[in-house]
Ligand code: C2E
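There is one chain below, alone, in C-alpha cells, taken in the form predicted alone.
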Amino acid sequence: MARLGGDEFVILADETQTPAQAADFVDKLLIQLNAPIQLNEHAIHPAASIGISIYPDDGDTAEDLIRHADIAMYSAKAAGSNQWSFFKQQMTERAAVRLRTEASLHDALKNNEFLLYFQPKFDLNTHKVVGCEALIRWQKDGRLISPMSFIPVAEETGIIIPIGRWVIEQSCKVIREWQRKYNYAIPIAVNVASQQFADASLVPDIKQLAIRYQISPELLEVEITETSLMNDVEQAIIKLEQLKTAGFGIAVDDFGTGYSSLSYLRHLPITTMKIDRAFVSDLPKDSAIASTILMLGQQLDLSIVAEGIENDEQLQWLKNNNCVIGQGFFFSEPLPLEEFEQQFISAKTAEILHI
C-alpha cells in the first residue's frame, strides 16, 4: 500500500487473479475502512471511493494502471459514498471531458463568462414577491450552459469555491444597485456547495462582502444542503451561529432527500427550510413529507419555502396547509437580471421587504 497524495492511496493486490476476486477484496476492504474511529469523545465514520484496474487488461505499466484506477475512482465517487467501480475504456473519454471542462471553468472566471439569473419567491396568499434565488449560468460561445453540466465538475475539482464566492459577491452588488437605483431591495438567496461551506474563508468572506457593498445582512440568505450540514454537524453549527448572529438568513435546501437529520435539526441555527421540488411535485396525492416539513417548520418557528411549484393543485394544497412562501415555474422561471428587475423591482419605491 502507498499514499499517492492527499487522501488518495494505492493498493497493489497481486494475489487477486480475477475481477470477481478483486471485487471480493474491495468489499472486505470497505468493511474495514468503514469501522468507526474514536478520537477523544468523537466517533469518526470513515468512507471511501475505490477504483479498480486489472493487469494486463487495463494497462501493462504502473502508470497506466494507476491512472485508470484513478479514473474509475472518480466514477465510483460520483455514484455516492462507499462505492467501487472497475475501469472501463469509455471512462477515459469522460475523464478527458472533465479535464477540458475544468480548464474552461478557470477561463470562465477570468473572462467573466458567468452570469446570474433570478427566480422570484412569492407570498402564496398575496402573490407579492418577497425574495428571490440567485442561480448561476455559464455563457460560453454564444450559448447558455446549464449548471447541471458544469457544477458537478466544479465541485469535484474545488473550483466551486471561487465560483461560489463570485455568486455571493455579484448578489451583494445587485442588492446594492437596487437600493441605489430604487431605494428598494428584496432578499437574495445564494446556494453554497458542500466544499464551499467546508472552506474556512466562507464566513469571513460573506461578512466582508456585505460590509464592502454596504448591504444589510438580512438581505442575503445562505442556502445550504442538508448533506453539507451533516458532513460535520459541530462545525456546521459554529459557522451557522456566526452567520445568524451577524444577521444573515440561513436556509436548508433539499431537506429530507439525504440523511435523516431530525435529531440535529433543533440544534441548527437556521431561519428557513425549503420543501424540495421532489416532494412538491408529488402534491396533492402524496403529501406526507411536505406535511411533516411544514409541521416541523411551525414547531421550530422557521420560514418554509416550497420550491418547484408547477400547477394550481400544488399551490392550493400548500396554501391550505399554511405554507406561506413558494417559487416555481407556475409563477416565473428564472430570469436574467434586467428582465427580473423590470418585472419585480423597478415598479417598487421606498420600501425594503423582508422574508
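Remember, it's a predicted structure, so these values are computed and weren't measured experimentally. Note that residue numbering follows the sequence shown and begins at 1.
The next section is about a form of this same protein that is not shown, the form predicted in complex with the ligand.
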Although the partner isn't part of this model, could you tell me whether Glu177 comes within 4.5 Å of the ligand in the predicted complex, counting any heavy atom of the residue? no
Using a 4.5 angstroms cut-off on non-hydrogen atoms, would Gly308 count as touching the ligand in the predicted complex? yes
How about Gln83: is it within 4.5 Å of the ligand in the predicted complex, going by heavy atoms? no
Can Ser146 be called a contact residue for the ligand in the predicted complex at 4.5 Å between heavy atoms? yes
Note: exactly one of Val153, Val130, Val203, Leu135 sits with a heavy atom within 4.5 Å of the ligand in the predicted complex, namely Leu135
Which residue among Asn191, Gln170, Ser216, Ser104 has a heavy atom within 4.5 angstroms of the ligand in the predicted complex? Asn191
Within 4.5 Å of the ligand in the predicted complex, do we find a heavy atom from each of Glu8, Leu29 and Asp70? no
Given a 4.5 Å cut-off on heavy atoms, tell me which of 33-41, 50-58, 294-302, 321-329 is the interface stretch with the ligand in the predicted complex. 321-329
